[in-house]
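To begin, one chain is listed below as structure tokens, in the form predicted alone.
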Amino acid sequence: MLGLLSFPGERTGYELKKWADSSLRFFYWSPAISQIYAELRRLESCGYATSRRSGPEEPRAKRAYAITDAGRTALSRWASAGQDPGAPVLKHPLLLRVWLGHLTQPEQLRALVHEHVARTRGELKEVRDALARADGVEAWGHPQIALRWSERRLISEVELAEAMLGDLEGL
């Protein structure tokens, strides 16, 4: 959450959720809206974020959040720490199903892989749409790098899944 707040401007919890869904989820995770608001309250209580309530001219009251200097310092310290960030964690539900393929019908597994390819192609389109929206936005330079990595990963995921279909045909 603090990372999402580190970019210029104030954002509501809803805007943070939309932003996480259109960028962060492609390479890390996108929190539920309930997690976002709980974390924003926690960050505010730690002095890492501040909030401002919208005025009476708004049809619905909103609370916008921003990072504080203390929050930016803590986040910068974490982001620039020299430690190895560790190996990526892979939890691939489709691969778990394939691994347990001896317990199901081959056509069911192939159908799951086809669904996965279609969903991954949809995510690839979303990444490309996010890249197009971020194009030319100076503050989004580093998120664009992460989104381009996500684009390449999703292309690879489609290729790997299509190869897995060939492997399944061989069984």
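The first residue of the sequence shown is number 1, and the count goes up from there. Take the two forms, find the largest set of C-alpha atoms that superpose within 1.5 Å, and that set is the rigid core. Since we're looking at a predicted model, the values are computed, not measured.
One more form of this protein should be noted, the form predicted together with the DNA, which is absent from this view; the next part is about it.
Novice: Does at least one non-hydrogen atom of Tyr14 fall within 4.5 angstroms of the DNA in the predicted bound form?
Specialist: Tyr14: contacts the DNA in the predicted bound form.
Novice: Against the DNA in the predicted bound form, would Arg153 count as a contact residue? Criterion: heavy atoms within 4.5 Å.
Specialist: Contact with the DNA, no.
Novice: Can Gly141 be called a contact residue for the DNA in the predicted bound form at 4.5 Å between heavy atoms?
Specialist: Contact check for Gly141: no, nothing within 4.5 Å of the DNA in the predicted bound form.
Novice: Heavy atoms within 4.5 Å of the DNA in the predicted bound form: does Arg148 have any?
Specialist: No, Arg148 is distant from the partner.
Novice: Report the stretch among 55 to 63, 132 to 140, 112 to 120, 99 to 107 that approaches the DNA in the predicted bound form to within 4.5 Å, counting heavy atoms only.
Specialist: Looking at the other structure, the answer is 55 to 63.
Novice: If we fit on the core, is the Cα of Pro59 displaced 2 Å or more between the shown form and the other one?
Specialist: True for Pro59: a C-alpha shift of 2 Å or more.
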